[in-house]
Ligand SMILES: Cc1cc2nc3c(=O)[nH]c(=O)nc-3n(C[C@H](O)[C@H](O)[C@H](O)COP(=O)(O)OP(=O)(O)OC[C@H]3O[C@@H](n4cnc5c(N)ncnc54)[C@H](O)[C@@H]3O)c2cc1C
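Only one chain is included here, represented as structure tokens and corresponding to the form predicted on its own.
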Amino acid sequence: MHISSARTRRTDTSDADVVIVGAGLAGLAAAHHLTGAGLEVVVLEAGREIGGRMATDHVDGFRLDRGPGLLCADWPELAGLPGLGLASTLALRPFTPGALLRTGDRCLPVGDLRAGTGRHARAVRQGREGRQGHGVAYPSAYHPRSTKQALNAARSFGGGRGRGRTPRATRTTMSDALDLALLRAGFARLANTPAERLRARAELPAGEALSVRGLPARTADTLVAPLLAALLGDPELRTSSRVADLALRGFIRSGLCLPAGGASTLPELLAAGLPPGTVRRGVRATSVAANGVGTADHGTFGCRAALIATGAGDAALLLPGLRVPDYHPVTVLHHAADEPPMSAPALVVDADRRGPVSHTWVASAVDPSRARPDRTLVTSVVLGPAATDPTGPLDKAVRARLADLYGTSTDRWELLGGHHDPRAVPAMPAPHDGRRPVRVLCGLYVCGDHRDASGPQGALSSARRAAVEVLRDFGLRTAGVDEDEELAAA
């Protein structure tokens, strides 16, 4: 964000121009936007750890994320965050493009438009080269000219059989091949559709919208629905179709990645990039007003504006009347194995949904720094009602399903840790306002993924929007094109 660096004078009773409550991703990102504009900012964090849901535990040489921690590399909010220096400081470890959907004895690759043969592959390579490292720009929809061409296209996806290699389908049927070819054609169209056109579509629950997207019913139910549930954290697919379309588009265009060293790397880098003393840990806010933030044990921090950047529940305690959404619970389990069940850094999705596991991956294959050199780290995500089960019984059920998904015994796997978050994903049912107001009144603001779209991208987007409102009220303006609109159209 390019901001005028002119500074307005603080009053003598103010400790900062802006006091931010909460040192999660949204609060730290907002602090960067505001300090970059020349304002003095204080960030108050009630706990001793920063990062909110993007936290990582260190256990016996392993780095265990408390949440899924999945990012998209070309999110405009992530790439454009000031002060972070993504090119040199934040290393993103990519998954293999697309995902592997396990159904029955088959493992079908979905979402990788870069695989393929003939003119499709050539066009994709040309599109990727044109993007200059910011993800992949895909060609217009690929339409197989014949059943034979569709079958060859679907069979072009590779894999391996046996221990430590990517699971492969036993025999690709004609129906599978056609479904995959049609699905890739639909994904290519979605990847090339501008974001503003997706936002203008009629809004439905995501599950219902799949039936009107031109995909065969079986393809939508068995391939797209499980993948969308994993991306959204919503196994019932009641999320707004507009949110689902944008999430799926981002997945197709750039794939998924993990921050090297754990999810906490991102907030730690953000905090380290702020002026010394900006972040105050162990300071719990008890009241908020436009001219000051009261705390439990540290008095009142005077300011000219206050920004609440906590979760919706905590924000509502400070701002009574603030809407608190429903949530989707998530449990993440981490297992250590002596040998890797799969060598590819791929996302494996349980398309059959016969057990508690929604999706899983060999985390040490994606990011080797997360495991000891002599062990393998496998991370699995549980959604829906099963996410509320006690860890012991849940671990037993998860192991049984992982044995099916990876095609190997899990009896000797060691459970390193499990983290349950009942408020992991703010629900976004249709109709969903993806740009809820972040300005309560002049001098009082709120941000977080509950004001935008759930997840890191929504947290970053709401932080930028809140910072823009603060700067406008302070009489500062963004230079050139309003980046709020520019990023919204990206």
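Start at 1 and count along the sequence shown; that's the residue number. Keep in mind it's a predicted model, so treat the numbers as computed, not measured.
The discussion below concerns the form predicted together with this ligand, not included here.
> Pick from 30-38, 453-461, 56-64, 435-443: which stretch has non-hydrogen atoms within 4.5 Å of this ligand in the model of the complex?
In short, 453-461.
> Only one of Val42, Ala427, Ala424, Ala430 gets a heavy atom within 4.5 Å of this ligand in the model of the complex. Which one?
Selected option: Ala424.
> Scan Val378, Ala285, Leu81, Leu402 and let me know which has any heavy atom within 4.5 Å of this ligand in the model of the complex.
The residue from Val378, Ala285, Leu81, Leu402 that makes the contact is Ala285.
> Taking 4.5 angstroms as the cut-off for heavy atoms, does Leu307 touch this ligand in the model of the complex?
Leu307: no, not in contact with this ligand in the model of the complex.
> Check Val330 for me: does it contact this ligand in the model of the complex (non-hydrogen atoms, 4.5 angstroms)?
The answer is yes: Val330 has a heavy atom within 4.5 Å of this ligand.
> Is the gap between Gly355 and this ligand in the model of the complex 4.5 Å or less for some heavy atom pair?
Output for Gly355 is no: heavy atoms all beyond 4.5 Å of this ligand.
> Can you check whether Pro345 is within 4.5 Å of this ligand in the model of the complex, heavy atom basis?
Although this ligand is absent here, Pro345 would stay clear of it in the model of the complex, with no heavy atoms inside 4.5 Å.
> For 354-391: residues with a non-hydrogen atom within 4.5 angstroms of this ligand in the model of the complex?
Read in sequence order, no residue approaches this ligand (within 4.5 Å, in the model of the complex).
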